[in-house]
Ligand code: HEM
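To begin, one chain is listed below as structure tokens, in the form predicted alone.
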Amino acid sequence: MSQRPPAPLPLAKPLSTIPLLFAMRANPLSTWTRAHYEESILHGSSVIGEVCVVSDPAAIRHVLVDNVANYRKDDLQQRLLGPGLAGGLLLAEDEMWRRQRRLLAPLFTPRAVAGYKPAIAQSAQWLMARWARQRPGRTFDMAAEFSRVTLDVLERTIFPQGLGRDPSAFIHAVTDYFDTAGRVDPLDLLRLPDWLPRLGRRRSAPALAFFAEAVAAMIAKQRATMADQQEGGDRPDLLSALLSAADPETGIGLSEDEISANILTFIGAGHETTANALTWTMYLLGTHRDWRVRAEAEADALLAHSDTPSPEEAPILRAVLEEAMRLYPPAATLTRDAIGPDRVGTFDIRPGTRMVVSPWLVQRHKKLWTNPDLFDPARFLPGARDKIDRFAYLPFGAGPRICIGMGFAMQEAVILLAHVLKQFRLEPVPGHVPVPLQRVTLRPQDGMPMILRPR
């Protein structure tokens, strides 16, 4: 409990303009000051305009729920991710977002998620067989390994026709895309015209070209086979749902761009976030023997009865996952732009103000958590978890735009974690300290090397 998991140290005071722009590009986590971890709301002007950083749970509820219509996805997200994800659920607004959310919701109901459990277990068994063939004591990049298995889960569940490409190529393309497109460009921060060239967009072009070709092939293959499929089969899949979608009033379906953007969203963010959560969880268990032993004991007991335990059946596994996502939230920052005037806490909000709700800050805030920088899954055990304010813990966001795949992700993570803990022990490489890096998602910089040993 005395070991502080790695994180950038808070700054004593805000950075000046030029250092701030460079730090935002290198790693936005390094720009937060002590005040951000201690004050509930910070409001002011900077080179990027008027900004309000909100960490008070009541104020967060106001922005994300009570007055959600006044806050839209900010133009920085649109600039960074628009070339690949524009038109998809992540960036869509207003009626386009509502229509897509209604369309995709049936794929992620509790009943649908439960139906995916056998396929997730098959992916877990595939990973265990892969590791069993390796020499004990070998060092692996666990960030890459969990990316591989979570992509395998997507192929077995919501893309049952397959991705049509080598999984390693997809993982490489996703990593390249987030590392390039997700790197904040000073020109975007300054809201300069789009015609000015951005280095990140140029470097992300090969990944986007790969995705465009792969997704076009997936769509063509699915269109060719849908006529032979039974309507309303055992389990709907994402691609069929997207291709079959039609507006009940106009009969118009989704455009090719909307379909492609949603496929890319689920392939990219859908597997990347769960993989990162599992990667950080295994690192934290590797550095906290007491919790690793407890988690291993629960995994042994659960898998003795079923290879598909649910989160409700696994209080310790769920607690260590939730604590890992508290310290290392899959999405470290949520941002919105104010459409009209408003009042948040004691501050008047003008139109155009950039509202920042950072799970990284909120979940490490000194006013909201005891010993916030330490790994303590006991916070999330039954009885203790009920005391956490709903808007003090935001790994999947909150409000109408909460992550649609939240239930799927937790089910997937619990099953995969149980199988890993039952059969293997992952040890940190001596001397290696991972650096959390914000690139759309929160990943360990340069991967997560760990030593693989069978139990």
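All residue numbers refer to positions in the sequence shown, first residue = 1. The shown structure was predicted, so the numbers you read here are calculated from the model rather than taken from an experiment.
What follows is about the form predicted together with this ligand, which we do not show.
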| Taking the partner as it appears in the predicted bound form, which of 306-314, 130-138, 334-342, 215-223 has residues with heavy atoms within 4.5 Å of this ligand? | 334-342
| message | Please identify the residue among 171, 89, 259, 302 with any heavy atom within 4.5 Å of this ligand in the predicted bound form. | response | 89
| query | Though this ligand is not shown, can you say which of 113, 85, 319, 269 has a heavy atom within 4.5 Å of it in the predicted bound form? | reply | 269
| task | Answer for residue 277 alone: is it within 4.5 Å of this ligand in the predicted bound form, judged on heavy atom distances? | result | yes
| Does at least one non-hydrogen atom of residue 404 fall within 4.5 angstroms of this ligand in the predicted bound form? | yes
| said: Test of understanding: in the predicted bound form, would residue 366 fall inside 4.5 Å of this ligand by heavy atoms? | reply: no
| Hey, in the predicted bound form, does residue 424 get a heavy atom within 4.5 angstroms of this ligand? | no
| Does every residue of 6, 29 and 440 put a non-hydrogen atom within 4.5 angstroms of this ligand in the predicted bound form? | no
| note | Looking in the predicted bound form, the residues of 157-180 with a heavy atom no more than 4.5 Å from this ligand, listed in order, are 158
